[in-house]
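Encoded as structure tokens, the following chain is the form predicted on its own, with no partner shown.
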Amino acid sequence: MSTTLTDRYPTRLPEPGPRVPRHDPVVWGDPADGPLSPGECTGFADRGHHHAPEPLFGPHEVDVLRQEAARLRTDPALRADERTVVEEASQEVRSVFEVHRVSPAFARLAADPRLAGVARQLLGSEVYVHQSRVNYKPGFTGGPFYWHSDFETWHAEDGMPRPRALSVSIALTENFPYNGSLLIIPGSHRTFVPCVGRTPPGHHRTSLRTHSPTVGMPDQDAVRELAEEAGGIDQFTGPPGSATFFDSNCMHGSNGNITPYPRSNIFLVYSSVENTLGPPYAAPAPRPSYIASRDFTPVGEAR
């Protein structure tokens, strides 16, 4: 754990600390320099997210991606690899990481201007893929993802200096209100919520597999306050091919899926090439590169 870094977002504290106002912009680029309109950029700055009004990807494109996600889930070699995370109880595949490195189809998706172009505009620079994964939430057994800020983890455990990063979730299946769709507290990206508890060695091995980790999770009072200040919680539903972009510091999560209807989504995380990783701010060692890439090559350039 580094003790020499200037830390504007201290976390993993020995006792609860006050919320920290965001020190950095939300939209770094020019709102007039598409693909989002100035109004959409303003909405992203205000609420911390942008949900494309129409599916970004057509039925054929989704079919290709869905088949590729199914192939990765059933690949025995990948199942035995550390990139694959399984549910604790059912042993169903929960997530597969670094999919843009193991799949040409997902590599093309990461470079697609419909996604990377938005990331460049909002982050105001060239971007690299910090993380990619497919999340599988099968019917009846899909577990929840508890409330969290991605940036809190990426800052503490990966050494990401600033919240100059965003995620995009692309639906591979119908996202209903009742099968574990994404929940975001609007406006929560403007406040950094420190978490309590020292990061243990190898924390990623347990935190990715449990539904309610004890380290890196906000306390309930902080989540309650954010939701009350926002006047509610936004939920994202939509057909296959729909996409939701959200800031790295949004407080978000999702319920479990006890319905018969599976929910699968691709997550791509873009970070500015001016926001590359250093030593972790609050962990003994950085997480593996398949979770937090240390290849900062801009998207679209040869590696």
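Here the structure is a predicted model, which means the values were calculated and not measured. Start at 1 with the first residue shown and count on from there.
Beyond the structure shown, there is the form predicted in complex with a further copy of the same chain, which is absent from this document and is the topic of what follows.
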State yes or no: in the predicted complex, is some non-hydrogen atom of Ala32 no more than 4.5 angstroms from a non-hydrogen atom of a further copy of the same chain? no
Does Thr276 make contact with a further copy of the same chain in the predicted complex, using a 4.5 Å heavy atom cut-off? no
Answer with yes or no whether Gly253 is in contact with a further copy of the same chain in the predicted complex, where contact means some heavy atom within 4.5 Å. yes
Answer for Gly197 alone: is it within 4.5 Å of a further copy of the same chain in the predicted complex, judged on heavy atom distances? no
Residue stretch of 80 to 88, 107 to 115, 177 to 185, 120 to 128 approaching a further copy of the same chain in the predicted complex, non-hydrogen atom distance within 4.5 Å: 177 to 185
Please pick, from Pro38, Pro239, Pro260, Gly58, the one residue with any non-hydrogen atom lying within 4.5 angstroms of a further copy of the same chain in the predicted complex. Pro260
In the predicted complex, the one of Phe97, Trp147, Tyr136, Phe151 near a further copy of the same chain [non-hydrogen atom within 4.5 angstroms]: Trp147
